[in-house]
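First comes one chain, alone, set out as structure tokens in the form predicted on its own.
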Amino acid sequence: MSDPVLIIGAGVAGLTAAVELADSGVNTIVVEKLPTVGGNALDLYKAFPTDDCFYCFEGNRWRPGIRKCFYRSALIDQPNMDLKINSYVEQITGNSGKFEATIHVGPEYIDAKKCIMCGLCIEYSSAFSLVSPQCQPQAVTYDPDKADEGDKKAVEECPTKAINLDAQPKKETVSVSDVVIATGYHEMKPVNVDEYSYGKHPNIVTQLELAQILDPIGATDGKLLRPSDGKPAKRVMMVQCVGSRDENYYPYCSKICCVYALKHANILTEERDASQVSVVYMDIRTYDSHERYYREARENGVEFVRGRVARVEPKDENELDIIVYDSLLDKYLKFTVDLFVLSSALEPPEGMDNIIDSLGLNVASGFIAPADLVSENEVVAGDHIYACGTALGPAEVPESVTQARAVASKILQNRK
């Protein structure tokens, strides 16, 4: 019997590869550092290009045409999949299809198979929380750093005895035949980009933070409200290429920023009744069929200003004056807005460099590069080592899914 496949990261790409392999009878070990799967996709609200619930994948391959929700798929019940949340890979040794991986497995404070998400523990202690009603595993999470006097009461009152606050971390060493890296991306928090004043005013947010505001199951129930006072935000300005295409930060284009910024601009004008939406840009890069987002935004009255933000001035605790240099008009313009949204660079996640160094992989701008830059095997990072999704660089959801399925296909072909 062949060794299992190790998949690092349980976002869109990682889970797609895991499901494809597990449904084909291949044992997989999926390691995710967060307490729930989904990665950045948990916070996307609507995803392009479908503008609906961000992701569905096929059910098992013996029932073609059946689709199941990404969040509600019974991952912890899949017999060929060992899902390890709150965990990370400490070390990988070996090569050529015979790797030894040391995994730090976080403490299992909540038994996901017992938790019924009744919410009693959340009422007793702020250390318990529900990431999302659609989270997977379907269970609340526990943060020991927020422990308080209500913890003990939560343990006593849990109807299924799913809570174990004495749980301890452990280390496991496993032999695996292949390594799939699907570590995703991190949205740059532009605290050091002084001209945008991020972190200095509550109404200056990133695109991912805006998506969380727009999410109907989020803190504002999907209402477009100013973080400063909770009142409706009617005037919104977005600025592109924050940290991207910038030699001081990241010289590369983050590829999908323009598309999801326009997606949000259309949601604001069509669904959230924003009266003024502006986008400041250097170039609008809506590749392939995504040009429709740009056309729709123009039709919806979104104002496009080609130029650069020169200054951000808090007018008061709730409003901002934005000074923009318009390179087409060759003049400075002044806007007063309720919400200022930064389209930040998509950067490699923390720990990516350790994985790259330990496995001796090629690197491109901090992301994983193909082993053979000339061939079309972009998902092959080394001998029995693969990468997919935004581990290879900024990518949209369908592209990540296609790459993950390519990885699964190559692993299955090698096992014939």
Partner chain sequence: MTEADEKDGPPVVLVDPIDMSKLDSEFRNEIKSMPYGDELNACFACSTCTAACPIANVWTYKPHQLIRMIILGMREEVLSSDEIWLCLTCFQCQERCPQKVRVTDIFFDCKNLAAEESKIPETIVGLAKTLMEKGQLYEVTADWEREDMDLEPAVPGLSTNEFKDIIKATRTGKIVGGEE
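Residue numbers count along the first chain shown, from 1. All values derive from a computational prediction rather than experimental measurement.
Keep in mind that the form predicted together with the partner chain is missing from the display, and what follows is about it.
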Picking from E291, E156, D143, E195, the single residue whose non-hydrogen atoms come within 4.5 angstroms of the partner chain in the model of the complex is E291
Picking from K171, K200, K231, K334, the single residue whose non-hydrogen atoms come within 4.5 angstroms of the partner chain in the model of the complex is K334
**Study point:** Residues E303, D326 and L329 all lining the partner chain in the model of the complex, heavy atom within 4.5 Å
**Key:** yes
Problem - Contact test in the model of the complex: E299 vs the partner chain, heavy atoms, 4.5 Å - result: yes
Does R295 reach the partner chain in the model of the complex, with heavy atoms at most 4.5 Å apart?
-> yes
For Y88, is any heavy atom within 4.5 Å of the partner chain in the model of the complex, or not? no
Original post:
Are any of the heavy atoms in Y281 no more than 4.5 Å from a heavy atom of the partner chain in the model of the complex?
Top reply: yes
Of the candidate stretches 144-152, 315-323, 93-101, 176-184, the one with residues having heavy atoms within 4.5 Å of the partner chain in the model of the complex is 315-323
